[in-house]
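Only one chain is shown below, in structure tokens, and it's the form predicted alone.
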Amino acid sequence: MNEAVTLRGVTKTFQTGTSALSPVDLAIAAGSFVSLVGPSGCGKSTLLRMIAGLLDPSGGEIARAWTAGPQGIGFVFQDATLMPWANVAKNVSLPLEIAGLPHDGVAEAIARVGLEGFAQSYPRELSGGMRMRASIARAIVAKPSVLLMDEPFAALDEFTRFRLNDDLLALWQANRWTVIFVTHSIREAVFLSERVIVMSPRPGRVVADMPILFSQPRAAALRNDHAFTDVCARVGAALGEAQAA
């Protein structure tokens, strides 16, 4: 299977002396959906930013199978980070504008995230869930092969979060991006992912790599299944062991 990204002995120590990551070895297959979970401050977001090329590792190497730029990766942050003075269409077109690419796909990206009719709306006129949909549209407008998501739904209410989880899975199944998803929610990670990577407290390292074997597509009813609860419990136990070690 082709790997989208491979990390070999990757470490990160900041100039303050804080050691964020001890050696991390991790390979993520192209087209897969992988979630990173771990305690606050364990280096999940740092690892994601190094995969994106926004931070350099202090040691080790990262081999990426995509080219730089918006057609290689899309990044969705915890905050929607929309420009308040620009409407949805302008916000979504930003990566294309920066890269000097045509804006032909803006309307399509807006439609794919369920924001038809809101292209001319401003962020202040949107709900939190709608702002996050706009942020996802901006990340996918250039049709990247990899989508990196850093706790994108953490600030949303549970109902909105579930709906966006369902919609994200549908988008992934239709496009088969490689998705690397950071979350504090074990249930979210298990519902979305083919693999859940459990990380230790800082300096972060991989302590468990757990396949999630539920078939795709996944229905919302899976969240109420005993088998789903059992898998969540196993991931939670691995996380608890990591925190106690």
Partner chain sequence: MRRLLPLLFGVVVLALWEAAVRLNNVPEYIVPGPIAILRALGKDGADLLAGLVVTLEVTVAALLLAVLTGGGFAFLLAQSRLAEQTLFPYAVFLQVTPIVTIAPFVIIWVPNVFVVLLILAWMAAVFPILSNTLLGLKSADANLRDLFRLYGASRWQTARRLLLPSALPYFLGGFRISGGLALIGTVVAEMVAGTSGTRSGLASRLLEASYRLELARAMACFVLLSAAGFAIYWLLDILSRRLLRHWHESAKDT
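Every value quoted in this text rests on a predicted model; they were computed, and no experiment measured them. Positions refer to the first chain, counted from 1.
Beyond what is shown, the protein has a form predicted in complex with the partner chain; the following relates to that form.
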Among 152 to 160, 169 to 177, 73 to 81, 107 to 115, the stretch whose residues bring a heavy atom within 4.5 Å of the partner chain in the predicted bound form is 73 to 81
Picking from A63, L213, A220, L54, the single residue whose non-hydrogen atoms come within 4.5 angstroms of the partner chain in the predicted bound form is L54
Checked R49, H184, R195, R205 for heavy atoms within 4.5 Å of the partner chain in the predicted bound form; positive is R49
Using 4.5 Å between non-hydrogen atoms, is R138 touching the partner chain in the predicted bound form? yes
Q. Does the partner chain get within 4.5 angstroms of any non-hydrogen atom of G69 in the predicted bound form?
A. yes
Under a 4.5 Å heavy atom criterion, is P95 part of the interface with the partner chain in the predicted bound form? yes
Near the partner chain in the predicted bound form, with a heavy atom at 4.5 Å or closer, the residues from 121 to 137 are Y122, R124
